[in-house]
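Okay, so here's just one chain, in structure tokens, the form predicted on its own.
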């Protein structure tokens, strides 16, 4: 068999499995989706599934990792400059461009830790920026500020997704940025 045809078949198989998993996750948590149900939905036999993935969770992990790497790659230049507002804007743009996927991954049945993993890419830059802006708190308090900022950003992004992303990615990024600036400013002025 031609190697190219074989590769194409593997790509299509994985695509059907991914689409089926995301469709099933709209109605139930990943832990309740069985390989049999997934294979039935994708019209693929279980042996084929197991030749690519160990479990539905492994398939979800593969989907998340691919999206994470795509987002991380697009953010690398921004991370080098430490431009947090641009970082937020690019994250919101990436979520918007991958709306259906993110809506499922970040839904009640998805993986809540995924968005935090993306936001944590800016951890060190955020701490450095706060220090440079004159916030003279110890590391423990800066970590608390980061935890607060991350949790708030996640809540806003999740709400934005749930509401159908009616605001543009730039508008939601500016909103989050203002909230983060206010939090940091309040800590700075104490």
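The model shown is predicted, which means the values in this text are computed figures rather than measured ones. Residue numbers count along the first chain shown, from 1.
One more form of this protein should be noted, the form predicted together with a further copy of the same chain, which is absent from this view; the next part is about it.
Evaluate residue 172 for contact with a further copy of the same chain in the predicted complex, applying a 4.5 angstroms cut-off between non-hydrogen atoms, and reply yes or no. Looking in the predicted complex, residue contacts with a further copy of the same chain include residue 172, since a heavy atom lies within 4.5 Å.
Though only this chain appears here, would residue 8 touch a further copy of the same chain in the predicted complex if you measure heavy atom gaps against 4.5 Å? Outside the cut-off, so no.
Give a yes/no on whether residue 140 approaches a further copy of the same chain to within 4.5 Å in the predicted complex, heavy atoms considered. Residue 140 belongs to the contact set for a further copy of the same chain.
Check residue 25 for me: does it contact a further copy of the same chain in the predicted complex (non-hydrogen atoms, 4.5 angstroms)? Heavy-atom contact with a further copy of the same chain at 4.5 Å: absent for residue 25.
Considering 37, 124, 57, 65, which brings a non-hydrogen atom within 4.5 Å of a further copy of the same chain in the predicted complex? Selected residue: 57.
Partner contacts in the predicted complex for 125 to 154 (non-hydrogen atom within 4.5 angstroms of a further copy of the same chain): Residues within 4.5 Å: 140, 141, 143, 144, 145, 147, 148, 149, 151, 152, 153.
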